[in-house]
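Here we start with a single chain on its own, the form predicted alone, put down as structure tokens.
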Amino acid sequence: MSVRLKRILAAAAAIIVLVLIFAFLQALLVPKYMESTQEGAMIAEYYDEPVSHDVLFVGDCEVYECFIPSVLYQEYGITSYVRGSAQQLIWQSYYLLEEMLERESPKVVIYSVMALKYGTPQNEAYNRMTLDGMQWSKSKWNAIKASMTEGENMLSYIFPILRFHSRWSDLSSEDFTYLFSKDPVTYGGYLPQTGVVPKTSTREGDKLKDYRLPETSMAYLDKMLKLCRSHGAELVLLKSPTNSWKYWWYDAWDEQVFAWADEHQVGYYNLIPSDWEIGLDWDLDTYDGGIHLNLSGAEKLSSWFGKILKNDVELPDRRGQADTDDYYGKMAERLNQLKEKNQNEQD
């Protein structure tokens, strides 16, 4: 072997070692979101889905803490997935949906309208919990470009170690346990909360200077509708039944969404007035004083809204198909185990 070839091989080996060290350090330093702030692990779990879905939910906590795919399947045979994330902005929902529609062909897309109130990028931490979990594609690139706050840059998303290099002092056993693999934290995208904190406040939202929904948000809603129709999917808009002063849904916003839906012949369900019909008990069905639903509330809502979907939208009953029966059966079993564990801890 010539000296020149030996030098080339040595250089190549050195580069490979450096790349492996870089990859290892990046994997170590990036947050795992397994034992705390589990919302950061949700987006990536979609890629492990073994079945396709007739219904896709996109949006913020008003979908991922409200709708349980195993309930929709067991009671109505509806196959669904909840692609939610904390403070998911509408352009993020759009690009997540764009990515999903390259992979499957749902009959219905359900979008949670609460995030329409945001017309500009909001928070890097929430951005990370949505965007870092996406696989690289044109959709992810465009989602990052639309979402970056002042001071953020694309390079730190390409190489997250540039953002998290200072986490050395924050490393815990979680970072080593889940270094190379992670456990699922959701149930088809649904993130359960088992606590119970009754709703006591009747306070309404503060008055706003301007009640117009941002033009940027409405423009992305137009794009979302066009995207759905180009893929043969029906778009449905939804407001969850929760309505606390912290995240108040104003009548003026409701009127604008209703007008848009009417103009574009899109279904819109504002479920706030239906809480009694759903059977929600605000002493038992919320884990944070009425801001969000807990597992009990999500079960009631999923059961009730599943009937609405079956009556208003033409969806096939997939029960009896071996792959979906197995998948949603295991999901329901996992959820029952969580409920039993929670009950035992309370007893």
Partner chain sequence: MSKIKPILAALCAVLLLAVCAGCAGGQENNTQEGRFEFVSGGTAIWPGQNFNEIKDSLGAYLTLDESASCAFPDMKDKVYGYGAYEVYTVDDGKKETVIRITLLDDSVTAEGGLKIGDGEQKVFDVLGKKEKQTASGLEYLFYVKGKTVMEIGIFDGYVVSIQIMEKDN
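Residue numbers count along the first chain shown, from 1. Note that the structure is predicted; figures quoted are calculated from it, not measured.
Quick note: we don't show the form predicted together with its partner chain, though the next part is all about it.
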Students should find that, of 52, 26, 37, 321, the residue having a non-hydrogen atom no more than 4.5 angstroms from its partner chain in the predicted bound form is 37
The one residue among 161, 154, 125, 171 placing a heavy atom within 4.5 Å of its partner chain in the predicted bound form is 125
Can we say 208, 245 and 292 each have a non-hydrogen atom within 4.5 Å of its partner chain in the predicted bound form? yes
Since only the chain is shown here, I'm wondering whether residue 129 would be in contact with its partner chain in the predicted bound form (any heavy atom pair within 4.5 Å). yes
Checklist entry - Taking heavy atoms and a 4.5 Å cut-off, does residue 144 contact its partner chain in the predicted bound form? => result no
I'd like to check something about residue 261: if you look in the predicted bound form, is any of its heavy atoms closer than or equal to 4.5 Å to a heavy atom of its partner chain?
no
Practice prompt. Would you check, heavy atoms only and a 4.5 Å threshold, whether residue 61 touches its partner chain in the predicted bound form?
Written response: yes
Assert contact_stretch over 95-103, 67-75, 198-206, 253-261 against its partner chain in the predicted bound form, heavy atom within 4.5 Å, equals 198-206
